[in-house]
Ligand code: NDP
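First comes one chain, alone, set out as structure tokens in the form predicted on its own.
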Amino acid sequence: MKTLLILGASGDLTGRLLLPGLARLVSRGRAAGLTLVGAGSDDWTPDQWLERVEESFADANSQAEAYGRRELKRIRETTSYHRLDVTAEGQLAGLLAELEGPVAVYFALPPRVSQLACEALAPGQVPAGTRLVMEKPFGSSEESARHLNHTLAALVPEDHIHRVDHFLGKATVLNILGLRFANTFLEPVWNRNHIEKVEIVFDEDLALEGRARYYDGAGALRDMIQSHLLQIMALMAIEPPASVDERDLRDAVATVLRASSIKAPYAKSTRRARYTAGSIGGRKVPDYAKEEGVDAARGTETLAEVEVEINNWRWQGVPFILRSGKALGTKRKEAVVTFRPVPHLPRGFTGVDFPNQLRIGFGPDTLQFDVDVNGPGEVLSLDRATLKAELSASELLPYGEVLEGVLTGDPLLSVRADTAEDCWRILEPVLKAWARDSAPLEEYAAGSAGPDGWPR
């Protein structure tokens, strides 16, 4: 791509994540010749925009070698900012016509504004080769996701649409696939006969952190499980693809999600909770319902857990438990595979009374595998030993990986249209049930492990 146009350039996402990700990508020599253009509704001066770019590029510039510093300097010297109402007919189209193509348009905007911006464009107003990059959440329901897909498909081909899942970096995807399919001892037992359950957890020790405007309308289920955790679940559960190119891999992911569902009654298969006042690491955290910008009457959950069934030959009867929450005492980002107990342990052995587990940690990516071995001293007493390894890490920041895929035209990390709709199909019945209070909204103190009675 020749030009990266960021819509919502004056917003938090651009300054906190997008520009630092771009800076690392450029400093590594992996975005040569790119022109950066910002656009937003704020009436910023060129100096205000340049100040934001300078601040976001600072860390990468200090660590870059000579070539990277020259590229960062070139981008700073050529970048521009445009005040723009993206929902007004003709304004975004007019800017696209002025830019040197091909252009990647990054919608760093609220979902509803992104939808309106795309509807304001006519197919003939989008230059050939343009790529459209959409942030999550992609739609707010299966129907709205389908409508947005229809809108985008009228503007550019599907392989020019990037639906961002920054949580799922390329290194993480390949680490999961390499672990599963490059080890002959593992794949034969990767099924319902040997695996008891799979848990995918994203617990944060961060609270709301000033994001009430977005988060209070989303909640943990929409924010993390609907997008990120369902994608990880699918990668953990896919059948071996012919290759790791985008078509084979995304076909395999789509097949898993089509077979997935959450069964009623939802008071049994799902849980939700909201944090109350507490402390995390010595820092006081206010009651979520009293946070600035929160409408307590919405009943927004800050911790969600669902049990997904994958109705196919490999996984029938194996629960996939997806959990994500905020303001918890321990930060935890991992997938845990619990194997079934051995069918018979010869008499005389003692010391182990729980099954083996395989843990895949995310950010940084790690591997832990629990095995039972004869302990020191008493040879019949079994001890639990943990084999550990650090997995491959990317030199890029998560949004740098996203942008590299966009700029090089690789949709591997993009969520495909049918997959985006299926993720909503899986969770929409839960959202409707929760709106009817079919599952209680429990409470937990900020800094705790969650509500009393939830599995630890």
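The first residue of the shown sequence is 1; numbering continues from there. As the structure is a computational prediction, the values presented were derived from the model and not from experiment.
Beyond what is shown, the protein has a form predicted together with the named molecule; the following relates to that form.
Note that among 390-398, 41-49, 403-411, 59-67, the stretch whose heavy atoms approach the named molecule to within 4.5 Å in the model of the complex is 41-49.
Candidate site formed by 181, 249 and 334: none of these residues places a non-hydrogen atom within 4.5 angstroms of the named molecule in the model of the complex.
Although the partner is absent from this view, residue 354 stays clear of the named molecule in the model of the complex, with no non-hydrogen atom inside 4.5 angstroms. Although the partner is absent here, residue 325 is not a contact residue: none of its heavy atoms lies within 4.5 angstroms of the named molecule in the model of the complex. Contact check for residue 155: no non-hydrogen atom falls within 4.5 Å of the named molecule in the model of the complex. Using a 4.5 angstroms threshold between heavy atoms, residue 205 stays clear of the named molecule in the model of the complex.
Think of it this way: in the model of the complex, the named molecule has a heavy atom of just one of 84, 273, 212, 126 within 4.5 Å, and the residue is 84. Shown without its partner, the chain has 108, 109, 110, 111, 113 in segment 98-129 as residues with a non-hydrogen atom within 4.5 angstroms of the named molecule in the model of the complex.
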